[in-house]
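Coming up are structure 1 and structure 2: the same protein chain in two forms, each one given alone as structure tokens.
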Structure 1
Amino acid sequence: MRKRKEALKALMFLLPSAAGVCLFWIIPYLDVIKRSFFSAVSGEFMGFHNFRTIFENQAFRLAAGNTLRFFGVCIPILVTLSLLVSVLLTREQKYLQLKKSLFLLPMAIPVASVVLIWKLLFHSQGLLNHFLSLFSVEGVDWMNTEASFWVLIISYIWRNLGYDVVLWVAGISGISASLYEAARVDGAGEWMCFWKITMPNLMGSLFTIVVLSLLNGFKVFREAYLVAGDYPQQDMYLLQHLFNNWYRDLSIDKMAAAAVVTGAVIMLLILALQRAWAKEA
């Protein structure tokens, strides 16, 4: 009886959150899945026609390719760089909280201000071209060239580096200092301590950081949209641009099919990462 009462109390505490998840996430996503099999105009059942349509759509292939390329470049750089910075920070504990706060500052900058920074630096009359002119190098409008993709990457890493650094530092702080002391007594150097002690104890943090970095990557669309609008240079045309344009055109069926495909890819990727980390553990 006591266990039943405790289980009932736990259920009552979980019920509001569960209701919110069902109302605002599960039910809407099930509705999206349903819409992906029907016509947005007639409501007629279309089977997999909407999915064939998006895979044959050149804009979808471009946006999906750019998005995959973006994550394939950004995530390894961000995770590796943030780990390196966090290791260096934890070696010197003095003013550690202040240092972490400084790294988090880019996340506190409003998106509109970030857009102004982009324009100030990378416009055809911006600071970067002015600097290059000092060396007799002709500048270009960086946001309308292939370099726009790398501008997007730099912006993403700059804004999210501090967030990942704080997560790494939290993981490193949880490792017992006695492990390092014992290893150094046995003659282990810094590199050996990193590979044999630090990394094995950070595998759980690594999974969390990779997943959060992946999810945060979709937020970079805000800057790209405010800088270049609905149709930016093709190298920075992402899935979010495509969804935004289809929403404006009321192509709900194509949007739903693309959303289902994107959600399935993300879920499979996260499950694959989880399985890989479970094997490592």
Structure 2
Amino acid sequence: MRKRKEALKALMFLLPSAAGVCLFWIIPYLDVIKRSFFSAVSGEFMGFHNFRTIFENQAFRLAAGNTLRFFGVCIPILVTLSLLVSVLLTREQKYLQLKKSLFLLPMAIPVASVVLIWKLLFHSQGLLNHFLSLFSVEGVDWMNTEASFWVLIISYIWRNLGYDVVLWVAGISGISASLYEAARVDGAGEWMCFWKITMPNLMGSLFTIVVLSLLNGFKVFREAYLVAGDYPQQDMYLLQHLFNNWYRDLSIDKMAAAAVVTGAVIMLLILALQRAWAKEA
């Protein structure tokens, strides 16, 4: 009886949100899953035909490959760099808040307001090449060669560094100071403290930070799209571009199948994340 009453109360608070979530997100997505097994034109049941089509599709292979490669390169760089910054930041309490603000600021900057700067930065006669030329380094045609891949990486790191720093700093400040004191008394150096105390205590945060960084990574499309448009140089052609282009052509079969495949991969990641959380608790 009490249980039913409590469930009723919860429902009262939850209902408006749950109804909207079903209407706008869940039901339409279930519809898309259904569609991925049918033909959009004839309405016939196709089995896995749509899935086979996308896996044989050149553009899909290119985009999926680039997206995987993008994550494979940028996540290790971001996670390591942000950890390094966080360790250095927390060593010195002076101006800690100010420095953290500076690192976090890019997260707040609307993409639209830096498009112009990005265009100037990566132009073949642009600022970055100007800077390189000061050290007599040959400039690179960033937007039209395979260097375009690095435009993505740079944009991503720039925007997400502060986010990861905040997460690491939270993890580091959760480590008891007495651990370090005891280690110092025993004669441990700074390097030793990092490997024997800081790192082991942060392993729990590592997985969470990696997954969150991955999911934030999909937004790099905003910079990529605004700087380079629908069909950028092929090394920066991501799954997000492909979805966008299929959407414009209304290739519903392919979009449905790709939405199901990508959704399933992300769902696996999220479930793994939840398991990791449960283990820690």
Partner chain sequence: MKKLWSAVLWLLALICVFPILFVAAGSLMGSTEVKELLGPALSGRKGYVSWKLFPQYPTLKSYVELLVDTPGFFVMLWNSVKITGGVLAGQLLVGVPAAWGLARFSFPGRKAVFTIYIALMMMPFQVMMLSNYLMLDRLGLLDTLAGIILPAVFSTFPVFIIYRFFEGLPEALMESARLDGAGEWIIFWKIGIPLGSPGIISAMVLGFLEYWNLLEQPMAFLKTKELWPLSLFLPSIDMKQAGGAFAASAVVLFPALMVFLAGQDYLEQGIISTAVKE
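The structure presented is a predicted model; accordingly, all values stated were derived computationally and were not measured. Start at 1 and count along the sequence of structure 1; that gives the residue numbers used here. Note that the rigid core is defined as the largest set of C-alphas that superpose within 1.5 Å between two forms.
Between the two renderings of this chain, the form predicted together with the partner chain is found in structure 2; structure 1 comes from elsewhere.
When two forms of a protein are overlaid on their rigid core, residues whose CA moves 2 Å or more are considered shifted, and Glu138 is one of them between structures 1 and 2.
Relative to the superposed core, Gly47 undergoes a Cα shift smaller than 2 Å between structures 1 and 2.
Core-superposed comparison between structures 1 and 2: the CA of Tyr29 exceeds or equals a 2 Å shift. The two forms, fitted on their core, place the C-alpha of Ile266 3.1 Å apart, compared between structures 1 and 2.
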